[in-house]
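In the block that follows, a single chain appears as C-alpha cells, in the form predicted alone.
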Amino acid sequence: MKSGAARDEALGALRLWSDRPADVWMTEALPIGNGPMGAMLFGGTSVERLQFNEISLWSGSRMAVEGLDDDGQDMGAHQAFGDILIHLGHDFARVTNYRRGLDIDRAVHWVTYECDGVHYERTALASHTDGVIVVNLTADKPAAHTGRVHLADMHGARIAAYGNRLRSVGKLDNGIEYEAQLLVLSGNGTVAASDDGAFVGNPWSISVPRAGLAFDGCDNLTLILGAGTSFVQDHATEWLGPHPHAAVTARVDSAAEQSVRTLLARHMEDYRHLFGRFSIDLGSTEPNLSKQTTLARLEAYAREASTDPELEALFCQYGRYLLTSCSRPGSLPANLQGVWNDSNEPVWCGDYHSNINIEMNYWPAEPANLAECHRPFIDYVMSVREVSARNTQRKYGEVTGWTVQTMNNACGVSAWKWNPPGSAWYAQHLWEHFAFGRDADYLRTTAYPVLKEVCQFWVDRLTQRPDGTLVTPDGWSPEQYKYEPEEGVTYDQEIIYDLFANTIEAADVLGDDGEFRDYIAGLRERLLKPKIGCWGQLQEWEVDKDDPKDDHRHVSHLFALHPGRQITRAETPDLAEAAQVSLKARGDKSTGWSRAWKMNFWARLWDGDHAYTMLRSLLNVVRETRTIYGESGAGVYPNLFDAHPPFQIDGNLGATAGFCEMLLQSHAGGIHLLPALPAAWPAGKVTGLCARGGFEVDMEWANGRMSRTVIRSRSGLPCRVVCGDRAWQFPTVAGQSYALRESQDAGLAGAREPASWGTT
C-alpha cells in the first residue's frame, strides 16, 4: 500500500484533498455524481456518511392549476433523498496518516488512514455506465472490518432489510414514487440484517431506523447504491411512469455481478471520454505549496503575493467535473445546486431559475468540450414547451409561443415574477448547441422550431411606437425590485435582438422559411437599441436614470456583451466602452455567481488582467453559509463549491466558461486566440477548446504570445483566425487538422485586427 504522501504525489494536480474528515455538508464534504444521482461524502473514520440525491425527486405540483395567480402555484422544491451511515468504530483520535480527497481526473473519492496498526483504504464512485454509486472498503489485514450500515430516508419511508440488502420505498404527496436500494457485499466475514438497536454515533442528528446491516470480520466491503423515481420527462403522462423498483433492482443486481475493478474501469472509460477531451496548463505551482491541502492553498491564495496556477487550472477543471457529474443525457438538467442537496427546503427551492442561473450552468458546455452535457437542458426546454405555452396564455391571453416565470420546477410549473425574455434566453442555448456542433438535422428538428415559436411570442408582444420603433412592454431588469415594470428595458431588448439574430442565421443555414426570416430581420432592425447615458454608462433603462452607486449583483443590461454578441470591442467600440463604464460602477465585489459573470464580461472586453482579478476574487475562501447578498461571504468554500452564499453551482460553471473566454472567443465571426490573456499567465497550454463553426483548438503560448496552435475542423467550414496582430483564413476539410505558428505568414492579407471581421 502507498503511504498518504506517496498517494498525494501519484494523484497529480487534479485533486482536492484534506487531512481530516468533513464536518459540514456544504463547505467540506466532496461531491460525486453520475447525472441523475449525486452524493456528498464526508470521509469519516468512526462514522462515514454518504448523503445522496436523485435529480427527479421533486415535491409540489406536477401540473399548473387554473385559476391560481402566478405566485400561487405550488412549485415545490428539489428534495433530499437519504443517507448511508457506516459505523466503522475508528475513533479519529486513534487515526494516523489520514487523507481524503477527490480525484477529478478519475471521478473517484478516496480515503486512506491507519488505525490500530491497520491501513484502511476507501474509494467511492458514481457510475453513469452502470447507474449506481459504489463504495469499496479495503484493509491490509484480514477480517479488519466490523460494524453496521444504515440507510436513512429524508421523507420517513420505511426501511426494510432483506439479507444483505436495505431498501427504502416512499411516495411524495404529488404522487412521485421513489426507491433506494443498498446492497452490501463482503470478502469473507458475514453481512446480515439486524434491527437490534439504533445507530451508534450520529453527529448529524440523522433519524436512523433500527433496521440495518451488521458486518463482522470482513476482509473488504463493497456497497452498491441504486435510487430512482417514477418521474418521466413527458407532460403527456402527467410526468409519471412506472414504479422505480424494477429499474433500481436491475441496476443494483447487474453491478453486483461485476468486480469492483470492472466497475471502476467501465466508469473511468465513460467519464474520461468526456472529461479527458480538454486540458489546461497555466504554469507550475511552487512544490511546497502544491503539496498542501486544498484549504491551505486557498488560504495562501487569498494573500495577494501568493500565486498558484495549478489551483486556478484545478478550479477550471472542477467546473467541468461538476457539469459532467450532474448533467448527463436522459436525465433532468443541473439545478441551482447541480444534483447535490441535503434539504427538503433548499434555498430558492433548488430550482431552475430562468433569469440567468440555469443558463449560466451551461455556459461552459460547448466551449469546454462537453456538448453532450448540454443536452439535458435542451431536452428540458423541449419537454416544457407545451406546458409553458398554456401557462403563458393564462398570463398573457391568446398569444402564440411561450415564455416562463423566474422560478421553475422539473414539470414546467412556474412561480414568482414573470421573466418575459426567459424563453428567448433558453432558445439561445439551443442555437449555441448548433453553432458549435453544426448538426443541421438537430437544427431543423429541434432548435429552429423553438427559435421560431419564441419569436412568434414576441411578434405578438412587441409594442410599435409612432416612429416604428419596437419595444418590449412591462419589462424589468432582474432583480431590481425598486423599479416598476416599464417599456424598453435594456435586458429585454438585448435578449430579443439576440433571439432574432440567431433565428435569422438558423433560417439562412436551413435555406428555407425565407418569408419568416425576412420578417424577423425587419423587426430586428426596428428594435430599440442599447443607449449610452449621461455618465457614459450603458443604460439599464430606456430613461437615463441609472444610479452610478448601484452595485446590484445582476448586471442584466450587459447581456449584449455576454453571453450575447450584439456588443463587441471590434464592431461597436462605443457601446463596449459604455458597458465597461457600467461594469466598473457595479464594482467587483458581489455574490459568487455574479463575480463569475463579471469574469466573462471582462474577457469579452479583452481585459485579461481584470478578468483575472475577478477569478482571484471568486477564489476567495469562505466558511459562512447563511444567505446574504453583500460582498462578504462570497467566493468558494473549502470544497471549492461556489458560495453565493450559500452554495450555488452556477458560480463554478460560469467561472469555467470565463477561463474559456479568456483564452478563445468565437462569437464575432471567427476564432480569436488569447483575446484576454492576463499577465499572470505568461506561458501555458490548452487542448480541446471548442469554437463556433465546428472547430476544436489546441494552443500553446509563451511570453504572452501564441507559439503554436492546432485547429481541428469538424464541419469543413472555412476558418478565420486572429491572434494579436496576425490573422489567417483558410478552407478546411471535416476531420482534418491545421497547424498555425506565430512566426508563419498570415494567410488573410490585409486583415490584421479583429475589427476587420464582420459579425455573422
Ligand code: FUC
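All of these numbers come straight from a predicted model, not from anything done at the bench. Note that residue numbering begins at 1 and tracks the sequence as displayed.
What follows is about the form predicted together with alpha-L-fucopyranose (FUC), which we do not show.
Q: Counting any heavy atom within 4.5 Å as contact, can you tell me which stretch out of 294 to 302, 553 to 561, 227 to 235, 165 to 173 lines alpha-L-fucopyranose (FUC) in the predicted bound form?
A: Heavy-atom contact with the partner occurs in 553 to 561.
Q: In the predicted bound form, does each of 434, 508 and 692 have a heavy atom within 4.5 Å of alpha-L-fucopyranose (FUC)?
A: No.
Q: Which one of 520, 152, 316, 336 is close to alpha-L-fucopyranose (FUC) in the predicted bound form, taking close to mean a heavy atom within 4.5 Å?
A: It is 336 that has a heavy atom within 4.5 Å of the partner.
Q: What is the one choice in 602, 363, 593, 178 with a heavy atom within 4.5 Å of alpha-L-fucopyranose (FUC) in the predicted bound form?
A: Going through each option in turn, the one that passes is 593.
Q: With a 4.5 Å heavy atom cut-off, would you call residue 353 a contact of alpha-L-fucopyranose (FUC) in the predicted bound form?
A: Residue-level check for residue 353: yes, a contact with alpha-L-fucopyranose (FUC).
Q: Is residue 648 a contact residue for alpha-L-fucopyranose (FUC) in the predicted bound form, using a 4.5 Å heavy atom cut-off?
A: Although alpha-L-fucopyranose (FUC) is absent here, residue 648 would touch it in the predicted bound form, with heavy atoms inside 4.5 Å.
Q: Please run the contact check for residue 479 against alpha-L-fucopyranose (FUC) in the predicted bound form: heavy atoms, 4.5 angstroms, yes or no?
A: Residue 479 belongs to the contact set for alpha-L-fucopyranose (FUC).
Q: Quick one: is residue 204 in contact with alpha-L-fucopyranose (FUC) in the predicted bound form, heavy atoms, 4.5 Å cut-off?
A: Result no; residue 204 lies far from alpha-L-fucopyranose (FUC) in the predicted bound form.
Q: Could you pull out the residues of 356 to 377 that have any heavy atom within 4.5 Å of alpha-L-fucopyranose (FUC) in the predicted bound form?
A: The stretch 356 to 377, when checked against alpha-L-fucopyranose (FUC) in the predicted bound form, contributes only 357 at the 4.5 Å heavy-atom cut-off.
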